[in-house]
Every structure is written in C-alpha cells, then in structure tokens.
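Starting off, we have a lone chain in the form predicted alone, written out as structure tokens.
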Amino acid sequence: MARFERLIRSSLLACTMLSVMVTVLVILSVLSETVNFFSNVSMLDFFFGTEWSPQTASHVGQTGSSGTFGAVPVFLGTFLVTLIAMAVAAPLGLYSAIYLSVYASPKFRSWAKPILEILAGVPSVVYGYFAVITVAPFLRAGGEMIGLSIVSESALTAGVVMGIMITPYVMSISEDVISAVPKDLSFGSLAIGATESETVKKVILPTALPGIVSALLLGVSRGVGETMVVVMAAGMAANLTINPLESVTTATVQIMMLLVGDHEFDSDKTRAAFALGFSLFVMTLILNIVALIIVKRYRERYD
C-alpha cells in the first residue's frame, strides 16, 4: 500500500512539473521573439505610438515596404470592447447569481442554471454570426431612430455580444461562491430583523466578494482573449477612437492577421504578433495578481 501511495504521489508530482515546464516553455518562446522584435522596434514607439500599420515584408524578397508599430489603437480597441462586454456581463451575471442562490426555488434553480451554463459551451463563431445577423442590424436601426449613426461593424456590437458570451462564466462562478456562504450568517442577519435584500447587501455579498471579484476578472480575461466575435462584429481597422459606435480592432485580431497566411516569419511584421501576445500575457498576469491581493485581503477580514 505504501508503495502504491508513493507511485501515485510521484505521478501527481510528474504531472505538476510537466504543467509548470510547459508554461515556462510557452513564456520563453513568446518572450524570445518579443525580445527580437524590440531589438528592431523601439518600445516607446510600440507602447505609445498612435499608428498601427505593420506592413513589412510578407514574403522573401519583398522590398519597399515599411511598418509602423504604434500599438495604442490596438490596446485601446481591446480595452473599449472589453469594457462594454463587462458592462453587460457584470450586472447580468451577478444579478442572475444572486437570484438563483438566494431567491429562486430549488426546483427553478435545478433547471435554470444548467440552461444558462449551456451558453458557455456555444462556439464563439456562433456568437459572431449572432452579432452580424441580429445584433448589428438591431443596434443600427435603433440608433437611426434616435439620430445616432452606428456602423455595421462597431465596438458596441462586439462588446454587447461578447458580454452575453461572458455572462455564463460570471454567473456560474458567482452563484457557486454565494451559495457557499455559511447559512448561519444569513439566518443570523434575518433573526435580528434585517430584510432579505439587506442580508444580501450587508452580509452575503461582502462575504462572497473575493469569489465575485475572481469571477469578474476571469470574465475580463475571457474578453481580452476573444477573437472571432471581434473579427466578425467589430472589424479589423486599427482606429484610434473611444467612440463605441465606430469600428475598432483588438490585440487578438491583429495577432491572427499577422500570423495567418504566407508570411516571412523572420520579419518585424510577424514578430509584432509575439509582442502583442506577450503584452496580453502581462496584462492578464497583472489582473490575476490584483485578484489574488483582493481575495487575500477580504478573506482575512471575513474568515
């Protein structure tokens, strides 16, 4: 028995180390090409430049083309679409979680939650078709009724559909966290005369805050990494704008454009995709660190 336990422990350790090694190799592979890119392109121009036009050599022997790698429009478009998406997903997901865990009957919860979670399994390209065929014409017609000009491919369309796509993630995790709050806390609050809504606001949500923050940041990470919805609903033009009614692009869309097709791999145009990817990795890492700090702080307060 002891030998079997040692075998299981060794197998688990091997799997853990393999996962860590794969993660390190992925980071190093992206980092190496990013370093090569910044050896030719100034970091100041990349992170603070306002024109994105990476038109360097697309095949061996091509000449006469030069690239402009100002990534501000790309990052701004990523931020804008993600912000709109979270403005949709955060209230929908959180309010749905509160209702399912606090107010809904067990019978309603037993079938409503699985149906909502089905949305998380729908391929993103299906959401892209939904954006193009349904949401974009609806928003454009609604904008015309109130005197707004909304282009067919806009940040608003992509953000709204992406928010619908992210909602099941926020809802599912938040609902699990809220349901895990000890019932004694809720019963104690109700016993001293608090209403159910006051109990939710003053007791349940503060106690579940670390998990809710983690759910929201997971939704942000999901939005930052989305590609197909943005390609089909927001376009691919790197416009420097914060107007949600105009067409924008995101980092993941540009990575796809830079790596798809017959390109010379050893060029700044292709390496720009690695620089964008590494920048997204750093952004996601920062979000995770912030989430861990918040979780640790409030867990110490409420445990």
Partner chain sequence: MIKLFERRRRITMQRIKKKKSPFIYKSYSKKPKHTWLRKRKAAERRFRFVGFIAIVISSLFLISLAWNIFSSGRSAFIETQIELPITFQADLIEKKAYRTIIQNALLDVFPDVNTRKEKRLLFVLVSRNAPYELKKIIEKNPELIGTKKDIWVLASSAVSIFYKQRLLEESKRIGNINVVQSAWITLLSQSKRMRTAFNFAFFTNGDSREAEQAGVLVSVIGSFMTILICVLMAFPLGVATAIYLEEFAPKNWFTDFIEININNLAAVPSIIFGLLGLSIYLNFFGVPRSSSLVGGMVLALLILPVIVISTRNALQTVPSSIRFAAAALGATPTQVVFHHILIYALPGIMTGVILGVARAFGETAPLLMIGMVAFIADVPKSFSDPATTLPVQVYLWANNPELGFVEKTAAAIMVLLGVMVLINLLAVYIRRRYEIKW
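Remember, predicted model here, so these are calculated numbers, not experimental data. Positions refer to the first chain, counted from 1.
This protein has a second form, the form predicted in complex with the partner chain, left out of what is shown; the following refers to that one.
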So which of Leu245, Val26, Ala237, Val35 reaches within 4.5 angstroms of the partner chain in the predicted complex, heavy atom to heavy atom? Val26
Tell me, out of Ile178, Leu100, Leu80, Met86, which residue has a non-hydrogen atom within 4.5 angstroms of the partner chain in the predicted complex. Leu100
Given a 4.5 Å cut-off on heavy atoms, tell me which of 69 to 77, 207 to 215, 179 to 187, 90 to 98 is the interface stretch with the partner chain in the predicted complex. 90 to 98
Would you confirm whether the three residues Ser39, Ser42 and Val220 all fall within 4.5 Å of the partner chain in the predicted complex, going by non-hydrogen atoms? no
Heavy atom to heavy atom, is Phe46 within 4.5 Å of the partner chain in the predicted complex? no
Is Gly121 one of the residues lying within 4.5 Å of the partner chain in the predicted complex, judged by heavy atom distances? yes
Contact flag, Gly193 vs the partner chain in the predicted complex, heavy atom cut 4.5 Å: yes
Contact flag, Ser152 vs the partner chain in the predicted complex, heavy atom cut 4.5 Å: no
In sequence order, the residues of 229 to 244 that place a heavy atom within 4.5 Å of the partner chain in the predicted complex are Val231, Met232
With a difference of at least 3 Å, the CA distance of Cys15 and Gly219 in the predicted complex shows the atoms farther
